[in-house]
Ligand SMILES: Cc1cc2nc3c(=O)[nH]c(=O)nc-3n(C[C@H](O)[C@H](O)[C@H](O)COP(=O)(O)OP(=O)(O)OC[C@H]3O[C@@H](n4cnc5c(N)ncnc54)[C@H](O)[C@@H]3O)c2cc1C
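For reference, the chain that follows is the form predicted alone, supplied as structure tokens.
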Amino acid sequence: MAKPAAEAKELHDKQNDRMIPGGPEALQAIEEAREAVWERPTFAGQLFLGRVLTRLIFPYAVQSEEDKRVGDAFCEKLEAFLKQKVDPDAIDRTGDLPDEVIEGLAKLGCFGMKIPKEYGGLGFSQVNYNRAIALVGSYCSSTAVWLSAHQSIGVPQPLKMFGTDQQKRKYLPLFAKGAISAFALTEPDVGSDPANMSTTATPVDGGSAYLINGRKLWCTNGPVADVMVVMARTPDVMVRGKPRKQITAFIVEKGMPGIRLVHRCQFMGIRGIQNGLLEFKDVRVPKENIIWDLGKGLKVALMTLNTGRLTLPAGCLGGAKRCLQIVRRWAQERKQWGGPIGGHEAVATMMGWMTAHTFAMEAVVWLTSAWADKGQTDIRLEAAFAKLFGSEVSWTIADQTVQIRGGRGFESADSLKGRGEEPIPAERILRDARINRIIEGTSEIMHLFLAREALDPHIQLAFDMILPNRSVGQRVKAAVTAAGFYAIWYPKLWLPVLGNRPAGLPPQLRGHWGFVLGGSRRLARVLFHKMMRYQQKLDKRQAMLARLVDIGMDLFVMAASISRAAMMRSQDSSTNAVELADLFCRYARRRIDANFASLDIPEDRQGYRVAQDLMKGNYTWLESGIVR
């Protein structure tokens, strides 16, 4: 169904995608940056069309034994180093990662985990890299961010994907040795709206170099980076007689004159990271430092994130596992009302939820990581689901950990240690976990991104019917094509689901797998109904779209959990993973049913109206009685 990229741009520029906030120019920039063609199969994407591609998810994709041995050996050395040299509470207290820690991590090769061996790096698979990040994330989130910001969204990843041979030979060996990289996109007045980017790159010397001017905010690793990717506006180009903004990615080195650290930012959590406001004043960058090509900057950023997003849920998984360890021990030790608190249902149900959802998170992280290594599936939706699910679930788990620990959960590890108790850092874990719902795409933006991609097959079908400059013949042809597709596709969504059950599925999970099959068809029907009802106004129903996305996410996570549990049962018949998958699926099915039941609720529109009135000042009387 895919159309040529140039035509796809025309469609999106003219008509459709108002689901991403920011106005027409932002839409144009983002639409041009997204991957318009689906060249490889996608499990999650097909769920929204009512199709469950069982062959993609069964059997569960696992790491090879040879690759696992490499990861085992490295993680053993890394764990020993963390215990001996890294003090997470001191890093949180002082806000600094000691030089000896950075040097030790570099010596281990931690800054070169994703660098290919031919450039001196470790050449890790995505699975082994994420294993290392999960391990570090379970111990010190600040240290994990140092490593992940450098390799997941910093210079190495886009260079591997889009860099020239010369760029790779020059920079990748430096990163393998421990040079630090950063990614500079966000600006003080520009968040999710790249069309309003004010940082400019002006060609000089006949186009052989560019002068970069502007400011970049929240640039993780920026204050200490040796090399960074900087996104800047290059001169507009004329398209169909109209100027079009261009965003280009540049490799900028620390030693280039004109770079100044204006302010190092301080945060609620991950206090040991280096993050700041950077100023660029006439920073001269040779044209050879352009990544990919002029105007491809936003595309570089978005495509880098497709794989880069997998690192964040790996860190979330490490933190969730640490929380499980904390509550398990505390629930056994702490006695209340005649027994351990874990024996009381109020606490036990929270622990059950935490355990089942940690298993589900693990199933998603290792499945998507293995898919990234195999390179046979398009994981843009799966990576986004992993990020959204991991960040939301890990936050709830961290919050419940503090709740179960009670006053000791709210008390800092230093304070606990000062009065003679074990310094369990529940409150630090909670503070550190909060950022995950914001960075690399807020949960709200992730919902909109996922909704946009879920609707893509339908947008492609409506292509020639929607564009205003199409002839009558083109419109009729497009209408016939769409009618032919829907005449076959839609009735199938009402037929009973027969077969499609993977071999070796444990009996406890068969009903849940059937629910995934039926739930996918129901999701496709409902999405189609909403498209027909709201048409061009669908973009305004963002709360409804978010619920549809959540349904798709839960179906995907259910499928991943079922597949992983089945794999574990086949390897060890005594495993209790099936029980965890069963419990997670029960929770997920309850959420899915609730979301289907509440897709169109009047409270959405009423809440929207109240919010507009709030901004107009109609409820300032509610602000009385506070310090003004």
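Note that residue numbering follows the sequence shown and begins at 1. Model, not experiment: these values are computed from the prediction.
The discussion below concerns the form predicted in complex with the ligand, not included here.
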query	finding
Contact residue in the model of the complex, from W146, F183, Y129, F250 (heavy atom within 4.5 Å of the ligand)	F183
Partner-contacting position among I326, I435, A413, I91 - heavy atom within 4.5 Å of the ligand in the model of the complex	I435
Contact segment among 267 to 275, 134 to 142, 164 to 172, 70 to 78, judged by heavy atoms lying within 4.5 Å of the ligand in the model of the complex	267 to 275
Site check Q332, I424 and E427: each within 4.5 Å of the ligand in the model of the complex by heavy atom	no
Proximity of L302 to the ligand in the model of the complex, heavy atoms at 4.5 Å	no
E453, heavy atom within 4.5 angstroms of the ligand in the model of the complex	no
The ligand contact at L517 in the model of the complex, heavy atom, 4.5 Å	no
I153, heavy atom within 4.5 angstroms of the ligand in the model of the complex	yes
Any residue of 427 to 460 that, in the model of the complex, places a heavy atom within 4.5 Å of the ligand	I435, I438, I439, E440, T442, E444, I445, L448
